[in-house]
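To begin, one chain is listed below as structure tokens, in the form predicted alone.
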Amino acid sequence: MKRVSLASWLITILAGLYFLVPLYAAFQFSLQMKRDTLSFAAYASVFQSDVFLRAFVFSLVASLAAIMAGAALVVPTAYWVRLRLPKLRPVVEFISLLPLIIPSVVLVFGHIRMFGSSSFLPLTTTDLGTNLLLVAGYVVLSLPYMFRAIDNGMAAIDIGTLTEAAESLGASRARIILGVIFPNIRAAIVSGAFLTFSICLGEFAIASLLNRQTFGPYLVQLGQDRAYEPAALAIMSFGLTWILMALMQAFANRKPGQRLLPFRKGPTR
């Protein structure tokens, strides 16, 4: 047992060093923008750039739109499959995993081909249409993670009993999803939202081929023109991702809300 424990600690330490040493090297390099001194000048330069602010805000808005669209798509689908069509669950799971198999380059070329200037719905001819294609691509890329998080959240509650109780009170199907299912899988939706945001923030292929100035293409272009700012931006992206993962873990550990039937007046027993 002692040998096994020692080997486990040794592997853990080596894996941690393999991960942390390059990260520390990048952080130290980002502090060397001024000769013979360590400073946060590279970080200040990044925050003072108008291009960075526009790219980050645009990525933030697109990510939030993808989160809302993904939740609106996945929650009713997962609910209906678990409640009425359990035999189709393997098929839906397989479809949700296709974005992990199909490269994003293929996806965006398909979008351009279907919604280009020569198609019946030329979305790429306007900024609004191109932005919609970008959000749609983000939704597809995040589908495996959003579906898995929400499906696991629904597995933790008895949606059949909740649905019967809500129907006995006269609630419609849409009211059940919005008023009963959503509050009880809030932690799962938040977990999927954080994963979606992390994916959308660093995505490059779709945004680049659609000619959208998002955070991913900005980071790549900055790496071609500058030396210290890309390292600083990479460290900030890493820190933001870890903050999101910590928040996801915190929300995932929270228990579902106790108010299961919010449309009923008076205390619920």
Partner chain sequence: MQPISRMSWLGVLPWFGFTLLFLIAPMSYLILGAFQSPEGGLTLANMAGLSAPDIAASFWLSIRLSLASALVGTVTGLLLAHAVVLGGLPIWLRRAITAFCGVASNFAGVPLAFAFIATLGRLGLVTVLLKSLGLDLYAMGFSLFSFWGLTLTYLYFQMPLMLLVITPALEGLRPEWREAAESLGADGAQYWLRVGAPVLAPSVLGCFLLLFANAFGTLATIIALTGSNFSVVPILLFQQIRGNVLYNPNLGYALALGMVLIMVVSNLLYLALRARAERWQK
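Positions refer to the first chain, counted from 1. Only a predicted model underlies this, so the values are computations on that prediction, with no experimental measurement involved. Definition used throughout: the rigid core is the maximal C-alpha set that superposes within 1.5 Å between two forms.
Here the subject shifts to the form predicted in complex with its partner chain, a form of this protein not shown in this document.
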Indicate whether residue 99 is a 4.5 Å heavy atom neighbour of its partner chain in the predicted complex. yes
Give a yes or no for residue 76: in the predicted complex, does one of its heavy atoms lie within 4.5 Å of a heavy atom belonging to its partner chain? yes
If you check in the predicted complex, is residue 110 within 4.5 Å of its partner chain, heavy atoms only? yes
Taking the shortest heavy atom distance, is residue 208 within 4.5 Å of its partner chain in the predicted complex? yes
Heavy atom within 4.5 Å of its partner chain in the predicted complex: which residues of 10-35 meet that condition, in order? 11, 12, 15, 18, 19, 20, 21, 22, 23, 24, 25, 26, 28, 29
When the two forms are laid on each other by their rigid core, does residue 157 show a Cα shift of 2 Å or more between this form and the one not shown? no
Relative to the superposed rigid core, does the CA atom of residue 72 travel 2 Å or more between this form and the one not shown? no
Displaced residue check between this form and the one not shown: residue 25, CA, 2 Å or over, core reference: no
